[in-house]
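Here we start with a single chain on its own, the form predicted alone, put down as structure tokens.
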Amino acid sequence: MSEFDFIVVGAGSAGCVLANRLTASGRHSVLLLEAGGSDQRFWLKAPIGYGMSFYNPKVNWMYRTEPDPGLGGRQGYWPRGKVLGGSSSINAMVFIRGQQRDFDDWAALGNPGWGWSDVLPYFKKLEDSPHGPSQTRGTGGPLRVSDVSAQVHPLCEAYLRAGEQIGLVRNPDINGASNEGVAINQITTRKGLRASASSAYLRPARRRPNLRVETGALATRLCFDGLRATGVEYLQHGQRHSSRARCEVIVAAGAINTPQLLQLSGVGPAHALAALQLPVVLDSPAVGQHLQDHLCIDYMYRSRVPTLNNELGPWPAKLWAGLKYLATRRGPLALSVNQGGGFCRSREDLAHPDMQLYFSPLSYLRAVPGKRELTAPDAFPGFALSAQPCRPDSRGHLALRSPDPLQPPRIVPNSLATEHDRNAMFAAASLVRRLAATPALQAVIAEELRPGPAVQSHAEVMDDIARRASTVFHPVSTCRMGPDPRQAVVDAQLRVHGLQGLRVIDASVFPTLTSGNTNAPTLMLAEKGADLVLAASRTHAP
């Protein structure tokens, strides 16, 4: 049996940060376990290649949810990264911190040290931004956050003018002092290549002798001595292995795999574990509960002017874009298609923005759910306008199907389960149409393709939402942080309530969903979590 100071389960966004920070001093040995393989693939490096990863089982867990009553009984498709870098290696690269009040709310829920003033230094520490250094932005950090406003499609200007025409400000820095207004999204790329947690954090650390990375290593069970976590069992190349942790085991497997692994290890709702004949180490009823996610509605339009469809559809244009990218690392292949963004209030009486906006100068009406081949868009010029409510209050859950770690868990999103969320989604659809009705966008819209002008009444819009709304892949809170062990899984130090030597450090511990994309706050959480682990190791050092 091998032995390390720390074992980190999962080399995703959080795990890569932890592997780097925990080994930096040279004093601690770390084993990093990743169920997936290498991220050294062209379509994981070329930014627009994420469309090729959405349906690739070699790098993607490809989860399916249970039929969702709020979405007309449809099954949701939830891609999750199964590769070094995790979902940061297959996502759309949009970097959004969230609103300041998101984190102040975390602290107000009984989590000291997680307010905005506490987490801002970690956001600044992790990034290398052209908007810094400033009071709000950092430079010189591991992760490049690129301002691509000079490179995006010209149609984005019409979107920005449309936002101004409905009264929104044009925000030059969506991650600055305020994220309110319309903006060009900032993305995690460096010199035209994806900047994932793997390339930013793990690759520089892999030369260190005190870090061992095992790929193709599926953690199947955490080991305990009484109530102390002592190690991890994992399956690799058909063989079972086990490793021991002298200090701590840290689970960083994400909002789906982390609660699955805890339950497989006997940590979870006792009645559910007993029903599967799993030995109960700790009755922790919140494991797998409180699942939250963002739901988005897309409206598709045929354009009077060229869009990215014209640059990525016809073979001559596609060839030219490819040659340009290979020669210069610029052009549409060097970008995300989620080029426009922003946050706004759906009503004037609201104290904070409650909607996130997306603008993509590309359309793909023919795409199979979960298979958005961004290099094969519609044959005509088109674009998408989208909106999502920031803070849904519907809650889902996740549970084991069987004691077999190779079986995916049951994911129950429970979308649109509350009147608040149904009203918010109607407001999101109404907001999209307000933008589309502006002179700036009417000048370029030939017709509304989805849902189409026949959909007008409240009932028709809500029926369309049930048929077409979908996740934007931001699941969180399945092992949430909080002071009450009956309602939360970890405390403010990210230690699992009721156990020793075990922490969870990933998006599953978010007390509530942040307002926007979740990768940036996950990286922040891991930076702060690494400091918490190191501080504890110094306190208990002989």
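Fair warning: this is a prediction, and the values are worked out from it, not measured in the lab. Numbering starts at 1 and follows the sequence shown.
One more form of this protein should be noted, the form predicted together with a small molecule, which is absent from this view; the next part is about it.
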ask   = Does the trio 142, 202 and 529 actually contact the small molecule in the model of the complex, every residue with a heavy atom within 4.5 Å?
value = no
query = Pick from 424, 344, 219, 71: which has a non-hydrogen atom within 4.5 Å of the small molecule in the model of the complex?
reply = 219
key: Proximity to the small molecule in the model of the complex, single hit among 229, 387, 92, 211 (heavy atom within 4.5 Å)   = 92
inquiry  = Given a 4.5 Å cut-off on heavy atoms, tell me which of 316-324, 107-115, 444-452, 75-83 is the interface stretch with the small molecule in the model of the complex.
reply    = 75-83
request  = Decide whether residue 43 counts as a contact residue for the small molecule in the model of the complex under a heavy atom distance cut-off of 4.5 Å.
outcome  = no
query = For residue 33, is any heavy atom within 4.5 Å of the small molecule in the model of the complex, or not?
reply = yes
key: Contact flag, residue 11 vs the small molecule in the model of the complex, heavy atom cut 4.5 Å   = yes
ask   = Can any non-hydrogen atom of residue 65 be found within 4.5 angstroms of the small molecule in the model of the complex?
value = no
